[in-house]
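One chain follows as structure tokens, the form predicted alone.
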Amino acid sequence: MKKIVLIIQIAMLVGIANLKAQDSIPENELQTENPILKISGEFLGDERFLLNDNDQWFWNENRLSLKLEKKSENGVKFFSEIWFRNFGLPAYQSAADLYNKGILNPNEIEIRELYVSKQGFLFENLDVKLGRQRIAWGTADKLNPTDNLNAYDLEDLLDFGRHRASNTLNMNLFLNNEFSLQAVYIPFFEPTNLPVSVFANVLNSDFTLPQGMTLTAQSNEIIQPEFSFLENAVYGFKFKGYAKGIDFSLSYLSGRDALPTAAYNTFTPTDGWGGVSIHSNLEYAPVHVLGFDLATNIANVGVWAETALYFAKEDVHIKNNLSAFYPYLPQPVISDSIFWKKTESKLKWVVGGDYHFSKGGYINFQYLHGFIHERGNENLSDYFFLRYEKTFFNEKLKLMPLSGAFIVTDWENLNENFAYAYMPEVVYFATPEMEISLSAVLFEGKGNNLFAGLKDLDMLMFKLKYSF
């Protein structure tokens, strides 16, 4: 807590110094695009509780996003975004916990971005950016199969498209006004962080056990990739262009799968009635990703499409060690199957569009084939997202009566393999800087899919956002 107070005090002192410096600058210079230091940010209050018998309060987030930006006349720019958060609910279990403010009042600091960029570095048409930065690829609305440079941030499963930044060397070569070439180098792989709170187990996959076996215990160990300068690096290239009213890009990425695979599993009997414990070694498979995206406007309708083709750099095996069941055999008993052949690819894509009506209405539709946690072409589900919103009273009030998603995992047996999420929302803009929203999220479904795993987690959400 002392660190947070100290940083906020420093930020306030910087802001005061910035205002004093601006007071000493002539008015005509204040209106240039090169202020001494620009400070902006946002406060977000996010509270949620479950609509069940207990009305359980499960999400408490108070976040200050502080952005600092400085531009120089020589083309140098500094930018940083830092989150100061009071996040989570008190989790005290003993009297000893009452001595720990970190348990009673959980706070944290997170550097979201921190970088320096230079326009015209070495060459007039070469821009270089170095530091911790978020590099978003793709043209779709938040759901981007080609957006794989930065690790996913799945902390809030309902915040689609959120990523963390990465320590990156980012270079853009502008060939002319319509075409550019981007090269990105990230020196080491960073894993995706998984959902928390009531979302924690939604993405966990269940073991398919042989008949007669019952899982009694489960543990795992992640085999972390070595910090090798070349082998563990993530890098990519993107050619971006504009022609005949169409924005498009072609991209290539060399990295690792976003989620680990249970590559080696050790089965151990725990009783005489089929109970087993499983210890898994989890590994991140090295991958190549080829991407293509486009965006255009057809008859005032915004249209986009995006696709990504994933290749494993080597065969991904799943090995099961069953030696504990056969203690008298001289050789270990290991079954070996190929989970993902390097000669096979998996294809994910999204298409969508949006339209602004003349009287304050807006509609957005997307169809996504394959979510982040799904592997293998035969296991990719179909996701349909729809949102309609309309503003009233000079845009002081916004209603979203039709908002949500529908998932199909097996079209041949739709009644047992579907899910939906209905997310109506009302937003009141108290001032241009402050908005208050109230929304509900209702889940239903059957089968093994993302939203069906949330069907008992209907919730109500209240958010307050203030920008400065």
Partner chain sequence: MKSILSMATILMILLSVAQVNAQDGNSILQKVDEVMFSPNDMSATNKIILIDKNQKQETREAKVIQKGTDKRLFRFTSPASQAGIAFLSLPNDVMYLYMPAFAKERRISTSVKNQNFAGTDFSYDDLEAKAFASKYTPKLLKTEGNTFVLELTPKTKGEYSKVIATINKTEYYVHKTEFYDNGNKKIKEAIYTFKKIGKYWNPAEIVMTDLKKNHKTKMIMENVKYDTGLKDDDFTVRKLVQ
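Residue numbers count along the first chain shown, from 1. Not measured: the values here are computed from a predicted model.
What comes next is about the form predicted in complex with its partner chain, which is not displayed.
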query: Candidate stretches 194 to 202, 225 to 233, 94 to 102, 297 to 305, one within 4.5 Å of its partner chain in the predicted bound form by heavy atom; finding: 297 to 305
query: Close approach of residue 432 to its partner chain in the predicted bound form, 4.5 Å, heavy atom; finding: yes
query: Interface membership of residue 251, its partner chain in the predicted bound form, 4.5 Å heavy atom rule; finding: no
query: Proximity of residue 141 to its partner chain in the predicted bound form, heavy atoms at 4.5 Å; finding: yes
query: Residue 283, heavy atom within 4.5 angstroms of its partner chain in the predicted bound form; finding: no
query: All of 120, 126 and 364 with a heavy atom within 4.5 Å of its partner chain in the predicted bound form; finding: yes
query: Residue (of 174, 371, 349, 189) lying close to its partner chain in the predicted bound form, criterion heavy atoms within 4.5 Å; finding: 174
query: Residue (of 132, 71, 163, 85) lying close to its partner chain in the predicted bound form, criterion heavy atoms within 4.5 Å; finding: 71
